[in-house]
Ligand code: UT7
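Next comes just one chain, in structure tokens: the form predicted on its own.
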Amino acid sequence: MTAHPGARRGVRIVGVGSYLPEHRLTNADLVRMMETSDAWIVQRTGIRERRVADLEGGETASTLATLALREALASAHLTPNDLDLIVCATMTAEMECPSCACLIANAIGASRAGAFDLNAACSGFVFGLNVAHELLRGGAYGTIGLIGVDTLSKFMRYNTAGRGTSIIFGDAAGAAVLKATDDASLGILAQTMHADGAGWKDIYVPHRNSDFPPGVTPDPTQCGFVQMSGASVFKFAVGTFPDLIQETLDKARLRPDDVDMYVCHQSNARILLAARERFGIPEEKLYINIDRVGNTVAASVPLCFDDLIKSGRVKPGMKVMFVAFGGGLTWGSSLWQI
């Protein structure tokens, strides 16, 4: 579809794709690396295994993302040259410059597309949905490729010292192709994006002594690894998640059971189950895959969505709410008429 600046249009999600690295890192593997147990990990997180990219073998954020976007384009029956823009949500681009999105554009041969990265940690893909939607609905663009990808294993220590984070995170990529449509009823019904910059110190990756927050003694041995206050992040997520769902429902003037599927960031199984209970959401309406892939950061939401589309659990005509929260601190939602 040719873009028409100034035109008011709807937005369709016309293709999805994903990629998981082949290497599985199970809880049994972690037991051999550090002081932990399968029961301890499952009780606290719900995770049984996660995927880890072969960084030494050349698997990076852009290579994972490229495979996911190619699959999304194929499912949409489009070519790379149909893309007007590529947006990559990630916090683990392999270089500061060029962007991960530019590397993806080059890899797939999208010679006419603009490209940029968006970093909102685990909220990245949901923020990207909101940004891409408005660019399409406003008429400036016709087709956008959106990817959520992270390889947080590059910031992990797989030993007892790094146990608090290495049991949680996995690597993956998920992608969607969004397209403008003349049907203005399709697209976002309500959305929200929030940030509390004062909470940055609860999860961060320092690279020099000056990156450590006030009150924390700089430790050069911690540079290059994720630092996380697990208790603070859990408290933030528990408090934010249900309020975010309610805020979005209120904006759309909908009840919880009006939504056909909740596609939520997979940070912790206990948080997801608590949300189900608070809103009376049936098990089949709130998908959980954290047990098999861990917390895949910006890839988490699109990975779930790809699973749901391929299994036939999300279909045209449904109302789908995408929800995420993460480092920054950031949290956001995107409620769609699919």
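Start at 1 and count along the sequence shown; that's the residue number. Computed from a predicted structure; not experimentally measured.
What comes next is about the form predicted in complex with the ligand, which does not appear here.
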Using 4.5 Å between non-hydrogen atoms, is Arg44 touching the ligand in the predicted bound form? yes
Decide whether Lys285 counts as a contact residue for the ligand in the predicted bound form under a heavy atom distance cut-off of 4.5 Å. no
At 4.5 Å between heavy atoms, is Val233 in contact with the ligand in the predicted bound form? yes
Determine whether any heavy atom of Glu35 comes within 4.5 Å of a heavy atom of the ligand in the predicted bound form, and answer yes or no. yes
Go through Ile203, Ala113, Leu189, Cys102 and name the one with a heavy atom inside 4.5 Å of the ligand in the predicted bound form. Ile203
Tell me, out of Thr92, Asn268, Thr143, Gln227, which residue has a non-hydrogen atom within 4.5 angstroms of the ligand in the predicted bound form. Asn268
With the ligand left out here, work out from 277-285, 301-309, 53-61, 36-44 which stretch has heavy atoms within 4.5 Å of it in the predicted bound form. 36-44
Mind listing which residues of 157-177 have a heavy atom within 4.5 Å of the ligand in the predicted bound form? Arg163, Gly164, Ile167, Ile168, Phe169
